[in-house]
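Presented below, as structure tokens, is a lone chain in the form predicted on its own.
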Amino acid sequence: MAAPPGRTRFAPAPTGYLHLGHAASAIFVWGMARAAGGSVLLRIEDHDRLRTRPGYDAAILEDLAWLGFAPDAGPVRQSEDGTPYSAAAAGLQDEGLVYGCDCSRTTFERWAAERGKAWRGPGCPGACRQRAIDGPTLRVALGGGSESWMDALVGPCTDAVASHGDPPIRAREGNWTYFFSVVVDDLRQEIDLVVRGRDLLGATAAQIRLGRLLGRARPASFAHHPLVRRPDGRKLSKADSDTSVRDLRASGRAADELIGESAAAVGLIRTRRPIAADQVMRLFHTDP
């Protein structure tokens, strides 16, 4: 589990309350950073203007402080300044890599149903780049092939860059996408280590390629951690109203108890035991 020293980030979206899955992610972020002598930036990823709520933003800060995870910098918010995203998109457009697209999720589903297989590889089902339309979605042409990286938690990884077509950088609603925003942010905020859940492993190859197109000479290091799962095997989700840290806190649970429960749920410890936030680095020391 060794990670290079440098800067990482904890980057929740204010679209719901923190749950035990976020607590587990915080354990990996702070634990790996502190064990390697690195620092943590708190970034509130509020690029989705339709789902973001100020109340969730405030609750994230409060619950994170209650758990005991203190960032070295931040919070910073994507909504504070849209200029970096517009500038990055303009640079890609100048290179002829950005194009308008009117394909929706339904377009991809219809294409797959007609052919018995999902769309894979560069482009989109509507051949929108060749049609030179305005939008409403903006996609970036990353090219084909694959990218390889050594994941600090998963091991050696290789994946196709355009596994589901050219990724969107701006959604049809006008929001910059997660895929695009985090690459721009990680570059300008000098993030050296990206620690996140294993559900985002499939986004990594495309983000490495995009970072290179935006001028990142050397990709960040990645560490994709296991997820906290429900009894039926599904990951915890704000959308499913899974029990939040806020609710557990109100029920009388202690912060170190929730951290220990989260650590056990992702296999960092064998049995539950209280762990204070300032002690999670001990879970990541590699010395015998």
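Not measured: the values here are computed from a predicted model. The first residue of the shown sequence is 1; numbering continues from there.
As for the form predicted in complex with ligand GLU, it is not shown, yet the points below apply to it.
Proximity to ligand GLU in the model of the complex, defined as a heavy atom within 4.5 Å, holds among Ala11, Leu20, Ala277, Val266 only for Ala11.
Looking at Phe180, you'd find every heavy atom of it more than 4.5 angstroms from ligand GLU in the model of the complex.
In the model of the complex, ligand GLU sits within 4.5 Å of a heavy atom belonging to Glu45. Among heavy atoms of Arg209, none comes within 4.5 Å of ligand GLU in the model of the complex. Using a 4.5 angstroms threshold between heavy atoms, Arg196 counts as touching ligand GLU in the model of the complex. Of the candidate stretches 121 to 129, 211 to 219, 96 to 104, 196 to 204, only 196 to 204 has residues whose heavy atoms lie within 4.5 Å of ligand GLU in the model of the complex.
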